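Shown below, as structure tokens, is a lone chain in the form predicted alone; questions about how it binds or moves come after it.
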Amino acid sequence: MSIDPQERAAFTAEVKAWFDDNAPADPGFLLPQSFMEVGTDQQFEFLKTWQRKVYDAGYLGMAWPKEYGGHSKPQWMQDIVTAEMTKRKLPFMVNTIGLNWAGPLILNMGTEEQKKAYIKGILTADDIWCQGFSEPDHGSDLGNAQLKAEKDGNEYVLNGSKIWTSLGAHAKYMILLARTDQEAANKYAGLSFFLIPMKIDGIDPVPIKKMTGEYGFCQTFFDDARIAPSCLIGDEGGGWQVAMATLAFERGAAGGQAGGHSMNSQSVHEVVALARKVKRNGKPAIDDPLVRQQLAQFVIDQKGLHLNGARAKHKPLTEDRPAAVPLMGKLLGSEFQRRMNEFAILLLGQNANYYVGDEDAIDGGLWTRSYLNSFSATIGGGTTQVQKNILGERVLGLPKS
């Protein structure tokens, strides 16, 4: 559908003006770089208030149906808002899992009752969501999940644990993959998918301290926690198909997300500024031809990632392998950030030993913190190694061995 250029320009100006007037001031404490680093109540409440303000202004969930709490506006409007938020590095939308994974899943596969019960709370940030996929003993082998959901009368009883539960300490709900049939013909057939409340007896999210010194992840323990059958989404035993649909939203391979960004990443222009600031052999590092060569490659890579996002929207450019570009996005984007932050650490030299809070740290220790945090995106949503396997098997048609 073509967009009237004047309408687009007018809406863009409106959005810019609103953010000019409403962008939050520095809160006076360290904000997390992504939804995976929300470790304090102070950070959480600040981000929750900001998301509610964006939603109340009509700039979140713009393309979601009005009858469930969205605004029933064209998707291109939400895209403009999200791009502006990202460009300005405004605080991210804290309810990332709800906005980008659980919400689209419920809208696509949930019952009418589930849509009415959950969607608006996701948008307002009244109902924070977390994800129960990974387990301590099974890593990326999602199909081998062992947390049990056993039927007892008119309830399911949950026992086991999940790990790397981002926002687990603050969440009201969880999307959970659990094993309902121990005797199924194959491991995938025995799984079911649930939308479960977190604030009930028998569920205990225990925060995990990261190597950055921050919290945000949890290990969540389930000890005879009881949930109603209405928590099931899809069919009992059909959890694997629901999980795959969820991962398509998580990895950006399927659209329908509510909008807003989930992290504030560093750009190559900031690395260029760092290279002008730090010294190498008594001169600005950017004078070194090898440094300039690497910076030029990062500029090319960043532009390529941006163009891939635009390319994915044009069917004639992707019809030979329609899943290739969306599936590549998560892999290439997370690894690009890791490599770029690693290069920044090399530019810092000995100063990289200083961290946030050290008065001698360049840029307040931003680069060391960003480098350490960059690994989480290469693991969450499927590790880099798993993503390569998916591309090889599903896009290129390569054998498993």
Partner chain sequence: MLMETLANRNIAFSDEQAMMLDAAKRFVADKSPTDKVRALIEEEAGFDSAVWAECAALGWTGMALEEAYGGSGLGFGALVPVVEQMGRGLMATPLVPTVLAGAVIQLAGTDAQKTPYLPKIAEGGVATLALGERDGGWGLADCAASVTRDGDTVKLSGAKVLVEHANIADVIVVSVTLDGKTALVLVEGGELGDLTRETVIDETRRVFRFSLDGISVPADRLLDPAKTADALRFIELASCMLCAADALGGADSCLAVIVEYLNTRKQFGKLIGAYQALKHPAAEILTGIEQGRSLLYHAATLFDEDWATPATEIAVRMAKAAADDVAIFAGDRAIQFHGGFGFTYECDAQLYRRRSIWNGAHFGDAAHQKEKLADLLF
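These numbers were taken from a predicted model, which means no experiment stands behind them. Positions refer to the first chain, counted from 1.
Another form, the form predicted together with its partner chain, is not on view; read the next lines as being about it.
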Only one of A310, I208, M244, A184 has a non-hydrogen atom within 4.5 angstroms of its partner chain in the model of the complex; which is it? A310
Scan K148, R88, K116, K303 and let me know which has any heavy atom within 4.5 Å of its partner chain in the model of the complex. K303
Name the stretch: of 331-339, 369-377, 355-363, 51-59, exactly one has residues whose heavy atoms fall within 4.5 Å of its partner chain in the model of the complex. 331-339
I'd like to know whether E112 contacts its partner chain in the model of the complex, with contact meaning heavy atoms within 4.5 angstroms. no
For K16, is any heavy atom within 4.5 Å of its partner chain in the model of the complex, or not? no
With a 4.5 Å heavy atom cut-off, would you call G392 a contact of its partner chain in the model of the complex? yes
Is A324 close enough to its partner chain in the model of the complex to count, meaning some heavy atom within 4.5 Å? yes
Just to make sure I understand: among 369-401, which residues lie within 4.5 Å of its partner chain in the model of the complex, judging by heavy atoms? Q385, K388, N389, L391, G392, E393, V395, L396, G397, L398, P399, K400, S401
